[in-house]
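The data below hold one chain only, encoded as structure tokens and taken in the form predicted alone.
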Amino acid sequence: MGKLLKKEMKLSASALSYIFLAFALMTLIPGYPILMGSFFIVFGIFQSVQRCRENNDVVYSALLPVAKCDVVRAKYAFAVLIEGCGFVLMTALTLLRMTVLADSPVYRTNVMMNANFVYLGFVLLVFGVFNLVFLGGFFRTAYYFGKPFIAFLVVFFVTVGIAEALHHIPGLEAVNAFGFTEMPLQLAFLAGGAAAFVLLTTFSQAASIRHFEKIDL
């Protein structure tokens, strides 16, 4: 399994998967839907899947002396690795906004979603949805990825719309808290996002393994 993950990182992955981690910096942009940073991070993973399809990487991996289920697990492990790196970067930048930049006028007058633990919870939700909808959809055939990606786009933009609208609903202003105010609420959203990420990714990987085992490559 470890060797398969190394193959994913060094041979199969597109360079964009690593370069697009820089889009975590969108966390610092005021007056902008900062959840778009999470989209570009998973878009880098999409580029790796596209590269794998064009290079027949799935067939090559399946011909190696490894179990077919490990081929799927390696793809998911790579995706989770990239998502984890992106989340760490976003967390660091969010903490910067919650501390040093908490009273900055450009953020205090920002009508868009604020960078706090609620935001990080939504980031994890986006990553989990990507793993479920796109990766799970891809492994239904281990070849076609257009429709799964379009399906993910629809769910993603709905998620962004909900995230950006929440704090404009009367009574829910606290989700856009600055700094470390409203911590119980913030942590509840973060925990919910983490739980959703784990559940969606675990379910998707299990379903992908079942589908991949049935595919005649």
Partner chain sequence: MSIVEVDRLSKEYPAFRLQEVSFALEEGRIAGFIGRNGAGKTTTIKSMLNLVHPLSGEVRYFGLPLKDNEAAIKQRIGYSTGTVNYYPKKKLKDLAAVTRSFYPNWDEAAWREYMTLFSLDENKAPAELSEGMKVKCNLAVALSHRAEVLILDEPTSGLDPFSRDELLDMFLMLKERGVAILFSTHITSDLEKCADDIIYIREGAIVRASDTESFRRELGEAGETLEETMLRLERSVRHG
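All values derive from a computational prediction rather than experimental measurement. Residue numbers count along the first chain shown, from 1.
One more form of this protein, predicted together with the partner chain, exists but is not displayed; see below.
- Stretch-level contact check against the partner chain in the predicted bound form with heavy atoms at 4.5 Å: of 176-184, 58-66, 38-46, 150-158, the positive one is 58-66.
- At a distance threshold of 4.5 angstroms between non-hydrogen atoms, residue 51 is in contact with the partner chain in the predicted bound form.
- Contact between residue 198 and the partner chain in the predicted bound form is not found at the 4.5 Å heavy atom cutoff.
- For the chain shown alone, residue 15 is not a contact residue for the partner chain in the predicted bound form, no non-hydrogen atom being within 4.5 angstroms.
- For the chain shown alone, residue 11 is a contact residue for the partner chain in the predicted bound form, at least one non-hydrogen atom being within 4.5 angstroms.
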